[in-house]
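So this first bit is one chain, no partners, the form predicted alone, shown in structure tokens.
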Amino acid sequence: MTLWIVLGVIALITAALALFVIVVYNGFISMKNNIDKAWSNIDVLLKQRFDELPKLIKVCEGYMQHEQRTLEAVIKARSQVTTAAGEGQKIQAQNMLTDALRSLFMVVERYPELKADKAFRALQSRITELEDQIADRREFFNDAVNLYNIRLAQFPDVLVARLFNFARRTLWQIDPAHRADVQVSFQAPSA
């Protein structure tokens, strides 16, 4: 009789342990898929921005013949986006593209006729709107990655994570240069 009780207790403990592993594993799978979904949502917007850039470059080329380096930087950054492999490289390439676009929009300030161009204004507005949406999606992505990484490190979930080789994910990080204060000058440029 005591053998049946011992076997029953062992079976109960085994079932509870198996249930625990299943629940934690399914939680990690859900979080991992949420991260992938968040990345995919960013990717949709990045693709839209990527598709709009040739139109913007074409409009700018006619006006900005002396600013070829700026246009080439946008084109080069766009091409690096297509060749980036892995999450880290993709993030780095997208950050380069964001930098190149900022530079382009700063240079545009020197071309009043370009700023007045209807096609340019529409494209600039569209890309600015996309940039805002991308920033929002990056925040959602980082929230999902952060929750996942925290749970990977928490006990007892860490035991299941190691058992099934769940790995940390990388947060979307900006270039450290973007953290520097922007220098604003209200003086007219000297001639």
Partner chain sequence: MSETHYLLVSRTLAETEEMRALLPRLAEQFRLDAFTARQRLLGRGTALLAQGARKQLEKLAALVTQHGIAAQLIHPTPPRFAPTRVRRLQIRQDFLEFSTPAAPLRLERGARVLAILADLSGQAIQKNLRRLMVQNTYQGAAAVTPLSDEELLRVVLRAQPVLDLYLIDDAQGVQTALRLMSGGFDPSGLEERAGPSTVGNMEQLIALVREYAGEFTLHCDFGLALLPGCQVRKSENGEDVHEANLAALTRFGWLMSDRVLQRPMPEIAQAHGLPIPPGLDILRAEIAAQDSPVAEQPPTGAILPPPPAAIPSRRRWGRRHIFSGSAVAGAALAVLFSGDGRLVHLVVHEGMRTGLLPAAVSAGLFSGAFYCLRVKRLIENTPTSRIRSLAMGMVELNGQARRKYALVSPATQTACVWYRLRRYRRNEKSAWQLTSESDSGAVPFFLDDGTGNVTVDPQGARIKPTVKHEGFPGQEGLLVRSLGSGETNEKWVEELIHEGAYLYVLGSARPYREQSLSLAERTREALRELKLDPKALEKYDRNGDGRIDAEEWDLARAAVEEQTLREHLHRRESAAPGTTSVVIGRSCSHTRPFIIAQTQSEAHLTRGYAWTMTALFAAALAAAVWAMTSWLG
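Being a predicted model, the structure only gives us computed values, none of them experimental. Residue numbers count along the first chain shown, from 1.
What comes next is about the form predicted in complex with its partner chain, which does not appear here.
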ask   = Does each of R69, I75 and A85 have at least one heavy atom within 4.5 Å of its partner chain in the model of the complex?
value = no
request  = Tell me, yes or no, whether A122 is in contact with its partner chain in the model of the complex, where a contact means a heavy atom of each within 4.5 Å.
outcome  = yes
Contact flag, A153 vs its partner chain in the model of the complex, heavy atom cut 4.5 Å = no
message = With the partner left out here, check for me: in the model of the complex, does some heavy atom of D43 sit within 4.5 Å of its partner chain?
response = no
message = Check M31 for me: does it contact its partner chain in the model of the complex (non-hydrogen atoms, 4.5 angstroms)?
response = yes
ask   = Along 125-144, which positions have a non-hydrogen atom within 4.5 Å of its partner chain in the model of the complex?
value = R126, E129, D132, Q133, D136, R137, E139, F140, D143, A144
